[in-house]
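One chain is shown next in structure tokens, namely the form predicted on its own.
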Amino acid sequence: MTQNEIYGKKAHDLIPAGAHTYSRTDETFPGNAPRVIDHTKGVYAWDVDGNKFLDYGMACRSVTVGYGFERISDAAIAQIRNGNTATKASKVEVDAAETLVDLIPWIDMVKFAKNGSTVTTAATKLARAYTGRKYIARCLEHSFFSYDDWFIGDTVMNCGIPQEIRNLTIDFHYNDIESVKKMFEEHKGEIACLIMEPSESEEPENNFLQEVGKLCKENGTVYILDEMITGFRWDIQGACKYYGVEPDLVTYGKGMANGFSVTALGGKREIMDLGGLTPGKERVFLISTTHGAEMSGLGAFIETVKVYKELGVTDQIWKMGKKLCSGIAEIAKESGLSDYIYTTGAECSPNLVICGKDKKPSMEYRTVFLQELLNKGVLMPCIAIAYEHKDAEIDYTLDAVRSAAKVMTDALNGNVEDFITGNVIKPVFRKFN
């Protein structure tokens, strides 16, 4: 047996689903994907059998500079040597809060945590406390906000969530302002908060973000923008800066510490301070985590901000994203596959779409395409460009895309099942295994 087979079996025997994030499980990758990663560096990953892959998943989009970037790692190690934690708030905890508040003009106060679900759920709790209302409005097209009941209960994977909880989350559609207006009319004076990403697989149109913000203000609803992915990728101040919108509350994570486990909830003082100690106010149990302000991660965050400013990280991400997207479009056009292989959304974080014979997104044909990329050593569950994706990496990737396009042509002209060597990729959100 290979080490991948041995460790893959151990993973499923010891860990439900074989990984600690559903998007990392075997079923979301083609059958020829590595089962277990041994180590990473820059924009490359090596599996337990020593196979090397050019990585575009970048740890669920959390690494925006590069794996093991020495300046950032050294900053984290320095804080580990400071003890890594303390009985009271640490100096680096205060320094990190000051760094974020100084960086983002629409943040007056911040709470740090270790994962995105913690801070998005905290944001909804604050909104309910601030407004005295119970309903949460969330964008239906945006794929993930939290593993907590308020979100998961509103998905197809709602097993274990009481119906009473499910009923408290309502939906609207991205770039459809009429759906937002209708929602506010149907739940007048009842919506505590509205939460969405500034952008996911498509960008805002017709000042959608600003128009939603106006409706929230008119209706006394807290406006929450989840920048878990867009923050520190669209711009060092996030997609809010890029699109010119200011929310009441905002959440960050992923690339803010280049893969170290740091997330943040920030926003207006009048809302954030509900979780504080102001005399005479009813207490809101906001976020209270032993490791939420772990020194190593916050040291990494502070250094990551410095690296972004000094090296122009987001400019590089946009530059390489544009080169990759234009290259994919050119190859698809040359191959007569423009209706079958294309990207959508912002070029700093493009969404790769692979379609079947009916020109609609297809998991079977996506499997064929990504399977061929893996044969060429390119691991692309999504496209998360990092600073260390340079011209050489993009050029190599486009050569792999050209090879995959040839296989796609054959699959479109034949029986797609004949081209799949393992499992068909499955979506994370589905009712049954």
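Keep in mind it's a predicted model, so treat the numbers as computed, not measured. Counting begins at 1, following the sequence as shown.
Just so it is clear, the following notes concern the form predicted together with a small molecule, a form of the same protein that is not shown.
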item: 4.5 angstroms heavy atom contact with the small molecule in the predicted bound form for residue 254; value: yes
item: Close approach of residue 242 to the small molecule in the predicted bound form, 4.5 Å, heavy atom; value: no
item: The small molecule contact at residue 115 in the predicted bound form, heavy atom, 4.5 Å; value: yes
item: 4.5 Å heavy atom contact, residue 145 to the small molecule in the predicted bound form; value: yes
item: Region of this chain that lies against the small molecule in the predicted bound form, out of 171-179, 321-329, 131-139, 221-229 [heavy atom, 4.5 Å]; value: 221-229
item: Heavy atom within 4.5 Å of the small molecule in the predicted bound form - the one residue of 197, 93, 235, 347 that qualifies; value: 197
